[in-house]
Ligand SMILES: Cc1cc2nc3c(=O)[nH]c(=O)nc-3n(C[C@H](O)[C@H](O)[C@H](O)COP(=O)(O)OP(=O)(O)OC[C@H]3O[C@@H](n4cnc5c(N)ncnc54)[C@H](O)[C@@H]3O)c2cc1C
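One chain comes next, on its own, written out as structure tokens in the form predicted alone.
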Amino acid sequence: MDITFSAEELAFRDQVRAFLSENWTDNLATRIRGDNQEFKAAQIEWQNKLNDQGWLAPGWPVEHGGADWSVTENFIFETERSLAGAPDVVPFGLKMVAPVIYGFGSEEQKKRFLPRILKNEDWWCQGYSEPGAGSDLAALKTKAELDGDDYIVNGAKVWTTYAQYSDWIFCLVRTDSSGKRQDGITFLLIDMKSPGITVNKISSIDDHHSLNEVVFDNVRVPVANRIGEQDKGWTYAKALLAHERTSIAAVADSKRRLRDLRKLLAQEVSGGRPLSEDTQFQNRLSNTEIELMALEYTELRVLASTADGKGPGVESSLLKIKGTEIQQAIQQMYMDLAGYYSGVIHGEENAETIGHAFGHDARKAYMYGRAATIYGGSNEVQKNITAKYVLGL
């Protein structure tokens, strides 16, 4: 694979750098990473800047507002975005449900939903996991019964990220229990303002509120909000999960965190020498960088396949497995570097003056990062998928 940049691609890189320098400000960074009340407004502001530039949904078809980027241009943008410290877009609308809508939805659904997603007028959340159905998604029990022109939905979804901010939720629901578990599942788009929906807060281990339980009590959903055919939702769900697992790999963001870790290692002294000279830390860092470089090339092959009109395929499982393992390895090194000071919790008396400035964030990232190998389909399940469809076992 040749990733030598042409003159045009270098010019595009300069354009991306100039855009980020002008538009990704300290004010935006503080608001997005700070108080929950500021997050949504600041994230919308950032995504609107991307949309004004025509860069919010580069993977979409051009007729729906996509950027028609090459694989290399996408690689350049993600690399530069991460190096600048700018966040990825919130994926649930732009990277997850939108491909399902433009891939399987009706023309009316495309006209209704896609422009509002692109303009950040509608925020979406994902209704897949349930109290008794996580990685074993086919075990879901949230039920939808047909009543005239509506479905009546009852059940609960859990671990629903940003449900407290969302206008819509895309849900997998059970419409038939007579056959295989994967059959009888339907894909619905549900207005979060519908009567009968309750959002219950879940505080995660990093003391952050992003997760929720969403309860449906006789919620009426128009049949017009169904994607594709009834009982065929598993097909659409698998397409969405492939896109989700590809983005979970977070290769560009892991590269930035390794770069920042190298700087911190050079500053931290142990036994009279910088930790960057510590043989064990050098080995850990080098091994992680090698694995990340290999993963990056795998990601580029997947992007090239997608650009040729193919779906991410089983490779998305490989990206998810290795990407999340690398994220956790990096989080562990940050914790080890911070040492005891990673236990200091900001907000306590004198906490800001104790230990390392990065220790607090290292602890939070480590604690929440334990979930990375579970959400999006656990890595054990992804290994089974790889064994079956790649190795033929």
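The first residue of the sequence shown is number 1, and the count goes up from there. These figures come from a predicted structure and were not determined experimentally. In this text, rigid core is short for the largest set of C-alphas that superpose within 1.5 Å between two forms.
A second form of this protein, the form predicted together with the ligand, is not displayed here; the remarks below concern that form.
Here the chain stands by itself, but in the predicted bound form one stretch of 101 to 109, 294 to 302, 120 to 128, 271 to 279, 120 to 128, has heavy atoms within 4.5 Å of the ligand.
This chain is drawn without the ligand; in the predicted bound form, the residue among Ile227, Ile248, Leu94, Val158 with a heavy atom within 4.5 Å of it is Val158. Contact annotation: Tyr375 falls within 4.5 Å of the ligand in the predicted bound form, judged by heavy atom distances.
Interface membership of Trp69, defined by any non-hydrogen atom within 4.5 Å of the ligand in the predicted bound form, is ruled out. A residue is said to contact a partner when one of its heavy atoms sits within 4.5 Å of a partner heavy atom; Tyr368 meets this definition for the ligand in the predicted bound form. At a distance threshold of 4.5 angstroms between non-hydrogen atoms, Ser135 is in contact with the ligand in the predicted bound form. Not one of Ile32, Glu38 and Thr198 places a heavy atom within 4.5 Å of the ligand in the predicted bound form.
Scanning 193 to 227 for heavy atoms within 4.5 Å of the ligand in the predicted bound form gives just one residue, Leu211.
A movement of the C-alpha atom of Asn48 falling short of 2 angstroms is seen between this form and the one not shown when the two forms are aligned on their rigid core. Relative to the superposed core, Leu20 undergoes a C-alpha shift smaller than 2 Å between this form and the one not shown. Relative to the superposed core, Gln328 shifts its CA atom by 2 Å or more between this form and the one not shown.
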